[in-house]
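Next up: a single chain in structure tokens, the form predicted alone.
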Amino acid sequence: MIKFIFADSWSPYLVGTLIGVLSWFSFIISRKALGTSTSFARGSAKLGALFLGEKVYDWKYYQKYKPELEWQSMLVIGIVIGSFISAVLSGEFNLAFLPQTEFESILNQNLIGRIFSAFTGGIFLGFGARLAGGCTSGHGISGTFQLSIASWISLVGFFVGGAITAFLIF
């Protein structure tokens, strides 16, 4: 029974079911949807305050999304810790700093290019998640669970965008 924990990969059906159950518990216990992008927005206020001072907290956006350490921030930390534990248990853990990928690009030729690509991609993903009112977990899991039309449209967009990107890259 416990042997699957040490497997190189887990069944997507099992993991999908467990994420669905986690989403139920999220609604039951906290009365909030499962998602992560808001915690990054809240963390950005804390980071901004280091450089720009407390006036950052007066910005309109941060009036709506109070910069505080809350359960979604703990979820993000748990994802990182859980991923590390999973990689170690499966024997797949290795320490690599932005390894080169199979994607042939000028930016993929050296470490500076890969750092630039990763940073820029992260900015675009974060901006898109906030513009859409949530990330893939917020819309794809929690929003569709609530039968939100906007979330279903977003989910279709995620798959279409992913398919187009995969086609262009590979």
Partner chain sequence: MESKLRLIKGLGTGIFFGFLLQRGGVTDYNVLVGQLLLEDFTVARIILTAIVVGMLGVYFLSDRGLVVLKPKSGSLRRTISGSLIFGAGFALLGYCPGTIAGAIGQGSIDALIPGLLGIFTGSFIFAAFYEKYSDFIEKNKFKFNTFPELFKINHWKIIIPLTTVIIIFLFWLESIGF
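Computed from a predicted structure; not experimentally measured. Positions refer to the first chain, counted from 1.
Absent from the display: the form predicted in complex with the partner chain. The rest refers to it.
The partner chain is not drawn, but in the predicted bound form it has no heavy atom within 4.5 Å of residue 110. Along 75-95, residues 75, 76, 77, 78, 79, 80, 81, 82, 83, 84, 85, 86, 87, 89, 90, 92, 93, 94, 95 each place a heavy atom within 4.5 Å of the partner chain in the predicted bound form.
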